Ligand SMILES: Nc1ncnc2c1ncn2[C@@H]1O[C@H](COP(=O)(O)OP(=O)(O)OP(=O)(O)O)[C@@H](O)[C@H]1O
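What follows is a single chain, given as structure tokens, in the form predicted on its own.
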């Protein structure tokens, strides 16, 4: 069995305020995003954890009521840190945008009643994505006023860090590059200006795009493809986070020879295993011994597969962070445990 390569360690991502978390569906990106937000809050930071897909994954993860379209506290952290949740809605974002730039006031409600808002947010996917990412951009720039500031500077930022539970890897390149597309279409005016500003932030050192994956062929291949696309777009790629990783303990070398054709080896192993079980008072039927051998064989094959896929991810040259498979499932205690693991592996300063 090949040995697992030594991973590149994350360095805490100094200067990064926007952590974009993506991954193939089913890899646990929402869980990882939530844990990353908790890890940052445990360092005393005020963190905005936002989602843009309308799944209410944040509320389910933290076991709180469904999030409104306004920012809502979902968890506390050490040293005054906290996690604020936000479910970004394109319709609400457009109304806020119209009020901010055009001072429409009640006219925005009139447009909504006539269906103009729904039309604008569904007819052009690029506009919808720009509104979603634009809401995150606005939160990243917002400053506290003197009445609410926490420190000595009344102009400090409202959030120390933002974690975005972003669309999956298949859609993330288009989602993050929508600012450039819209800026090319709108040659002037506030839309062009905001689109350009969003693009600038997403390409800056203040942003990292982290990819969550499993040590399976399809998620790993999507991760490789996504990293290549993001690099081609000039997006700053952060860590590759391996979720649900199983232990990679060494397997008895004799098992390497066990396959469907190795009948003699199977017989020898079955005999040895039956004898070992009998020595501790377990006299099991042959069928049970064979079933146990099948499980060991499957485990050995799984370990081989994970080591192979780990080597593929290592070749990307990005920091690798591992989250183990948690037998008891995901709850608030598990999120805290994962947050500690992310901190220990350099995901937060």
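Residue numbers count along the first chain shown, from 1. Predicted, not measured: the structure shown is a model, and the values here were computed from it.
The same protein has a further form, the form predicted in complex with the named molecule, not shown here; the description that follows concerns it.
- The shortest heavy atom separation between residue 244 and the named molecule in the predicted complex is within 4.5 Å.
- Using a 4.5 Å cutoff between non-hydrogen atoms, residue 46 does not count as a contact of the named molecule in the predicted complex.
- Put simply, residue 25 is close to the named molecule in the predicted complex: some heavy atom of it is within 4.5 Å.
- At a distance threshold of 4.5 angstroms between non-hydrogen atoms, residue 42 is out of contact with the named molecule in the predicted complex.
- Partner contacts here mean any heavy atom within 4.5 Å of the named molecule in the predicted complex, and among 71 to 79, 170 to 178, 211 to 219, 195 to 203 they occur only in 211 to 219.
- A heavy atom within 4.5 Å of the named molecule in the predicted complex is found for one listed residue only; from 324, 66, 54, 317, this is 324.
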